[in-house]
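In the form predicted alone, a lone chain appears below as structure tokens.
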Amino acid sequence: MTKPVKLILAAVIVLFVGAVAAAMFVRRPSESTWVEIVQDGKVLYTLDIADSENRTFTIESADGGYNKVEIIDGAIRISDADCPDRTCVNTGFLRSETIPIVCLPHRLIIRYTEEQEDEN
């Protein structure tokens, strides 16, 4: 192999290893059990999902739409929604601090947060 080919191969290997490391960092599970449910920039709920009982509740949006939020065995997800693409439903359970569950049509975000003193 010539020197330029070796350099290109080395650069590709470095980029591949960097991409794998970045993907692992982004997908790391959260150490927190506290979540915030935010709509239109306003915190609606702050919950400790580890201590919450299994339940389902509905959050309605200003446009008349809805998201059904489900807490099961210390995990949270949007189980149903009337938004057109249902990306929030297809996201599944909240697993990562860096990747929240988002419903853009209803402006709803479910994300991990720091531990709170009082539960809303």
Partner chain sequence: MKTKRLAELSLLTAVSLIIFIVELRLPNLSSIPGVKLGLANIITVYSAYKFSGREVLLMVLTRVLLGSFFSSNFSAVIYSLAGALLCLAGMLLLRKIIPLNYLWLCSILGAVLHNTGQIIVAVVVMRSFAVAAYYPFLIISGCIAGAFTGLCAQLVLRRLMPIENHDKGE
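Numbering follows the first chain given and starts at 1. Just so we're clear, the structure is a prediction, and the values are computed from it rather than from any experiment. Each form is matched to the other, and the largest set of C-alpha atoms that superpose within 1.5 Å is called the rigid core.
There is also a form predicted in complex with its partner chain; it is not shown, and the following applies to it.
In the model of the complex, E70 stays away from its partner chain, with no heavy atom inside 4.5 Å. When its partner chain is considered in the model of the complex, D40 lines it closely, a heavy atom lying within 4.5 Å.
Not displayed here, its partner chain is kept clear of S61 by more than 4.5 Å at the level of heavy atoms in the model of the complex. Residue contact check for T56: none of its heavy atoms lie within 4.5 Å of its partner chain in the model of the complex. A heavy atom within 4.5 Å of its partner chain in the model of the complex is found for one listed residue only; from T33, S52, T87, S79, this is T87. With the core superposed, L104 shows a C-alpha displacement below 2 Å between the shown form and the other one.
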